[in-house]
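Here you get one chain, nothing else, as structure tokens; it is the form predicted on its own.
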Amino acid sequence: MPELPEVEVLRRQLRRALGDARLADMRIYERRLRFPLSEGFADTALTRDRRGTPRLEDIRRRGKYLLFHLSGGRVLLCHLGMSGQLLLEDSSQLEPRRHCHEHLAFLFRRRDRRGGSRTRTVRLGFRDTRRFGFWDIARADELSEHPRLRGLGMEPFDAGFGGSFLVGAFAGRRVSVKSALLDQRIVAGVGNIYASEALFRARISPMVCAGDLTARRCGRLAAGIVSVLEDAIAAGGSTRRDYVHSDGGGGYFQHRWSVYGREGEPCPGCRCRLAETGGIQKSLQSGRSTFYCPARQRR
């Protein structure tokens, strides 16, 4: 499932490509996503404002959600699920449907960057082979209470995120620190890959109890989370299976993973002996694969 870096990379690409475009039209080819689309989804999204078709005011991110803010105080929420893709192309037509797993398509018009009165028309298609992704529509002034967003924890890039925050968030928790990091009610947007990578950078075992971490170790962990997310965004995210950029290209941070998916390999930047430690280890925690170096990441 795409995590914070992949969603943030996509958000920035879409924001650059669409700018303050107007939503001219849309098609729904399949309503049966993870949660069925409401009957009035298209009509509400396309409600005209006083200047015509709704304007795209901004594209933001909350955790792993993309938020398309439209004029009139409406917001389209998108979650990519496990296999969702948002693909852009220059096209003046919504039809025909581009792919058998394309479930929605949007047509945007924006003023050409070269100036004048010329406009550029862009088609945005949403594909999702497994249909675990979904869309919803909400009022901007009610967004914080939306059932998909209201329980989300702090963003790792917020000013208040740091070691002190993690000390308070982990206090009294008897679950492993890896499981605590995957709890979206604590830290929004961090998933399985980046939790493993952040713990490696912080030199903390994924099996240690979250409530037992000292303030110093929480500080290292917070720094590890922020640094690995920043590095992943700079590398265009990680492409393993389905995640692609809006132009169909992929990220390359998967080539820089330190531990994830590298069972039995030498630990990068560590002096541990492969013959003695067996290299990077793999373990299951709550049904999820965890990768770590037993020498570097001590309890």
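Start at 1 and count along the sequence shown; that's the residue number. Everything numeric in this text was worked out from a predicted model, so none of it was measured.
Although it is not shown, the form predicted together with the DNA is what the next lines describe.
Participant: Is there a heavy atom of H79 no more than 4.5 Å from a heavy atom of the DNA in the predicted bound form?
Facilitator: Contact with the DNA, yes.
Participant: Mark H101 yes when one of its heavy atoms lies within 4.5 Å of a heavy atom of the DNA in the predicted bound form, and no otherwise.
Facilitator: Yes - in the predicted bound form, heavy atoms of H101 and the DNA come within 4.5 Å of each other.
Participant: Considering non-hydrogen atoms and a 4.5 Å limit, does the DNA approach T277 in the predicted bound form?
Facilitator: Taking the distances in the predicted bound form, the answer for T277 is no, it never comes within 4.5 Å of the DNA.
Participant: Is there a heavy atom of R241 no more than 4.5 Å from a heavy atom of the DNA in the predicted bound form?
Facilitator: Judged by the heavy-atom cut-off of 4.5 Å, R241 is in contact with the DNA in the predicted bound form.
Participant: So the DNA isn't shown here. In the predicted bound form, which residue out of R139, R203, R130, R97 has a non-hydrogen atom within 4.5 Å of it?
Facilitator: Answer to the contact question: R130.
Participant: Sort through S227, S164, T121, Q184 and report the residue having a heavy atom within 4.5 Å of the DNA in the predicted bound form.
Facilitator: The residue in contact is Q184.
Participant: Mind telling me which stretch in 217 to 225, 169 to 177, 89 to 97, 70 to 78 gets its heavy atoms within 4.5 Å of the DNA in the predicted bound form?
Facilitator: Selected range: 169 to 177.
Participant: Give, in sequence order, every residue of 183 to 219 that has a heavy atom within 4.5 Å of the DNA in the predicted bound form, or say none if there are no such residues.
Facilitator: Those in contact are Q184, G191, N192, I193.
Participant: Closer or farther: how do the Cα atoms of H99 and D90 compare in the predicted bound form relative to this form, given a change of at least 3 Å?
Facilitator: Farther apart, by at least 3 Å.
Participant: Which is it in the predicted bound form for the CA atoms of D242 and C100, closer or farther than here, knowing they shift by 3 Å or more?
Facilitator: Closer is correct, given that in the predicted bound form the C-alpha spacing of D242 to C100 is reduced by at least 3 Å.
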